[in-house]
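First, one chain by itself in structure tokens, the form predicted alone.
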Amino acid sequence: MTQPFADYQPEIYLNGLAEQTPPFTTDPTALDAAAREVLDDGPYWYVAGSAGSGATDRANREAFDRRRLIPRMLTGATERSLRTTVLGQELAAPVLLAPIGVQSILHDDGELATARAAASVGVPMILSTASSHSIEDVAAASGTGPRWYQLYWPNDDDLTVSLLDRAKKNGYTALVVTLDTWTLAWRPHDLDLSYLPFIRGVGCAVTFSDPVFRAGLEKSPEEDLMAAVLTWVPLYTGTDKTWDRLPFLREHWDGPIVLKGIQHPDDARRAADAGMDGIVVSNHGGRQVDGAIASLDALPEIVAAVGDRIDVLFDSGVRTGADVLKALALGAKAVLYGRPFAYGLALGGEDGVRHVLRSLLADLDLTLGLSGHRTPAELRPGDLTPR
């Protein structure tokens, strides 16, 4: 039997006998403020900021707060397992690291640190197309750790094929296609600071290292950064794809495909009808559409619509172990964890990400048992108060 994730708790307490306290807070709701102390305004708000007034981000948290767990007693939850199966792949826990780009603005090692930390804990990392490091370098940092690849779908088919080919060759086992960010939303914090990493060439490493992209340049990005940036920008902004383009992805990716950004049951049905393997119910953490529905509020209807046909994952607003349990109870197979690990990266690089992950998983393990359950599969909507 593998070591329970909850063992991080006694490890911390025992370290206290040697007058050692955790280097970073164990409170996921305090990570934001801690990261604010070490980050400049631009990088901080790029991660923490939202679209428009921030109403969608607030709605995500309010949706979690409205629902309450109903603990059950004497259920024999002494021994537990967080193991689950998503897209036919067995996971150590129903948690994946969300695809967050431009991580080098938070720490010099960026995605390399995140990959190493995720692999050490056994949690899959979803690598963003907007990574600060190449597909190949992040795969090397992951070692034998599980990894998925997230695609911001370029407006160039040859480049798309090349990216997918590189991901497959480097051990990325599932493709997550983000649908909701085909152009950037109105983000006041970033706009007020005139801060966009991509126009500085940050977060472009996956594309800048691609042979198809480089073949179309007169000079390499190393020789003429601004020319490369000006070529990069129209590849990823300004064009909304359509449902009839999905067969192209299936033709060039032979593993599971997941569509991220689904908020409406009809879109979930179309994804299932198109032969997709899964969806992520997500509003991009409130970063794209101001005033949108909270992802947790959208989840039950979507699960009812397609949960028996494809795997439904969840993203947006997850902070605590209890949050994970609530999403699972409403039918999600797993959750994507975003901003908290990014704050951990800012605070301590690889060690910071590892600490945040271990803290979440310990909290999840303990709360699962204390609420009366032994596995995530036991959770049901009836384990929550109504919204």
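These figures come from a predicted structure and were not determined experimentally. The term rigid core refers to the maximal set of C-alpha atoms that superpose within 1.5 Å between the two forms. So that there is no doubt, residue numbering starts at 1 and follows the sequence shown.
Form predicted in complex with a further copy of the same chain: not shown, discussed below.
- When contacts are judged by a 4.5 Å heavy atom cut-off, residue 218 does not count as touching a further copy of the same chain in the predicted complex.
- Using a 4.5 angstroms limit between non-hydrogen atoms, residue 76 touches a further copy of the same chain in the predicted complex.
- At a distance threshold of 4.5 angstroms between non-hydrogen atoms, residue 9 is in contact with a further copy of the same chain in the predicted complex.
- Contact between residue 322 and a further copy of the same chain in the predicted complex is found at the 4.5 Å heavy atom cutoff.
- For the options 161, 293, 305, 227, the one in contact with a further copy of the same chain in the predicted complex, meaning a heavy atom within 4.5 Å, is 293.
- In short, of 179-187, 105-113, 83-91, 144-152 it is 179-187 that has heavy atoms within 4.5 Å of a further copy of the same chain in the predicted complex.
- Along 58-87, residues 59, 65, 67, 68, 69, 70, 71, 72, 73, 74, 75, 76, 77, 78, 80 each place a heavy atom within 4.5 Å of a further copy of the same chain in the predicted complex.
- Relative to the superposed rigid core, residue 23 undergoes a CA displacement of at least 2 Å between the shown form and the other one.
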